[in-house]
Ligand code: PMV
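We begin with a single chain expressed as structure tokens, specifically the form predicted on its own.
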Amino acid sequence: MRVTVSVPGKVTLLGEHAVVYGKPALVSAINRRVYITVEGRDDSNIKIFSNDIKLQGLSLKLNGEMSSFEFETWEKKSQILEPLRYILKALEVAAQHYGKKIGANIMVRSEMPIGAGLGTSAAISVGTVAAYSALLGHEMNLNEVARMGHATEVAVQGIASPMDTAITTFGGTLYIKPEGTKPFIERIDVPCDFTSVLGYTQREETTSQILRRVKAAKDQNPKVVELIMDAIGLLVEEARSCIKKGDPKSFGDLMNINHGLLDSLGVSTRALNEMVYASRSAGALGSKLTGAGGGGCMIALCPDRAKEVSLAIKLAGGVPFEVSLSSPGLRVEPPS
């Protein structure tokens, strides 16, 4: 049996980091996807292939419980590339949930940079859970897949909001507010042109490292950081109204403020800031980093100035690419 699923990347329009601490966020699926193909094997091995994350046929053998692996091509677990950790944990989560495990070949292909703040870890987690669940003979219930995808991210990162796994599962544009184990999710129609350009620069830290650093800052200065998180949450509520009314100008203003607050948390970088401010000078209505930060991607809202903003990002040292918002979520692809 062979199953291929595709999962969208995402951009956090407003609210990253604060959403980890219970504040709301606005997030949208983009028209760049991760493709996960899983096919069954006659033995208990797991083999993973991906040109995108340079695994080049990494071979693993299931050894007793799903959480225990015998590494045939790596000597130490610490050498595992970040995306591989999500694949392995997603397999473990799905196998434990269903009480069953089988060997499989897993192929990963991404239409966007891995680890760039575009939700690729969530897409890989959700896609692997969904495809492996199907291989085990279980129908893909989206709510169940989203929960298992989130459990995967928490296990790998130590802390994670349900935002990324929700948007990559359900697609569209969502308002999300964590509420215990079940977040409040509202699907939002985007009534006007919110064409955006992303700018990419090399990542300097992993998501896990950045999340730990923000937590350390919050532990050291709890009152100050909590005020910043509250302010980001308030921005999201205002932006939620703006996007419903079709007011991209006011929405862009809030994006600019949000970037300043994220920069105050220390998650932006010089390269990101240069692209952010170059975009505004080129006519973007608003621009900010998107995702965890530490490099990766920024987003510029520029419905009438996409070419000018793309050039400005390129001149600032980034790699620009245009995206559309509210793309479909998890889907099963037809057999090739």
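Owing to the predicted nature of the structure, the values given are computational and were not obtained by experimental measurement. One rule holds for the numbers: they count along the sequence shown, beginning at 1.
Below, we turn to the form predicted in complex with the named molecule, even though it does not appear here.
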**OP:** State yes or no: in the predicted bound form, is some non-hydrogen atom of residue 255 no more than 4.5 angstroms from a non-hydrogen atom of the named molecule?
**Re:** no
Original post:
With the cut-off set at 4.5 Å between non-hydrogen atoms, does residue 291 touch the named molecule in the predicted bound form?
Top reply: yes
Original post:
Even though the named molecule is not shown here, does residue 149 get within 4.5 Å of it in the predicted bound form, heavy atoms only?
Top reply: no
Subject >> Distance check, residue 235 to the named molecule in the predicted bound form, heavy atom within 4.5 Å >> reply: no
Original post:
the named molecule isn't shown here, but in the predicted bound form which of 203, 177, 85, 218 has a heavy atom within 4.5 Å of it?
Top reply: 203
Original post:
Within 4.5 Å of the named molecule in the predicted bound form, heavy atoms considered, which of 163, 197, 108, 94?
Top reply: 163
Original post:
Of the listed stretches (98-106, 246-254, 118-126, 133-141), which one has a non-hydrogen atom within 4.5 Å of the named molecule in the predicted bound form?
Top reply: 118-126
**OP:** Check each residue of 189-213 against the named molecule in the predicted bound form and list those with a heavy atom within 4.5 Å, in sequence order.
**Re:** 203, 207, 211
